[in-house]
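As a starting point, one isolated chain is supplied in structure tokens, in the form predicted alone.
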């Protein structure tokens, strides 16, 4: 299969985005945070249900306390979160009736797919603004919900760290070849 994909500004942006795990000790202006949330707001969702709410934590003592809920004390997993200047908690909101019924009938969690698209929009806008992000799925949700006063009936599927990435900290991306993930008309 011949690689006929050309590099566009969007593809360059997608390539630029990576999971940043080293941040500068520099605050992020709230206008940039709001641009990222605005990009998330514009993401598609099943039946336009928009099943998300973003809780932004940007006060340093609160960020550090929230970061403590993202790693196990005996491991280094997610230890980098303590150095992120901003953490966004993504709260799953109830989908509208059409999306909820459709998800139930099709046995597909559309609301999680919707949240995934919104989160990627957030991360791509951050990359456009020269900010780094890392999507976190491993954390103590009970602690995070309590700390952020999120009602017990809601869930927090993801957290996102946000900040200015340390120069030179971007890893080399390893992705499968296009030919290994693409086929036409049949698997």
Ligand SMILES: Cc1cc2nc3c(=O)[nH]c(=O)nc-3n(C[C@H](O)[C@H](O)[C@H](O)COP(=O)(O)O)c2cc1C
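Quick caveat: nothing in here was measured; it's all calculated off a predicted structure. Numbering follows the first chain given and starts at 1.
The form predicted in complex with this ligand is left out here; the points below concern that form.
Student: Run the contact test on 27, 82 and 164 with a 4.5 Å heavy atom cut-off to this ligand in the model of the complex and return yes or no.
Tutor: Per the other structure, none of 27, 82 and 164 touch this ligand.
Student: Picking from 135-143, 49-57, 148-156, 28-36, which part of the chain touches this ligand in the model of the complex when contact means heavy atoms within 4.5 Å?
Tutor: The contacting stretch here is 135-143.
Student: In the model of the complex, does residue 12 come within 4.5 Å of this ligand, counting heavy atoms only?
Tutor: Outside the cut-off, so no.
Student: Could you tell me if residue 176 has a non-hydrogen atom within 4.5 Å of this ligand in the model of the complex?
Tutor: Close contact is absent here: in the model of the complex, residue 176 is far from this ligand, nothing within 4.5 Å, heavy atoms only.
Student: Scan 19-52 and write down, in order along the chain, each residue with a heavy atom lying within 4.5 Å of this ligand in the model of the complex.
Tutor: Stretch hits, in order: 19, 21.
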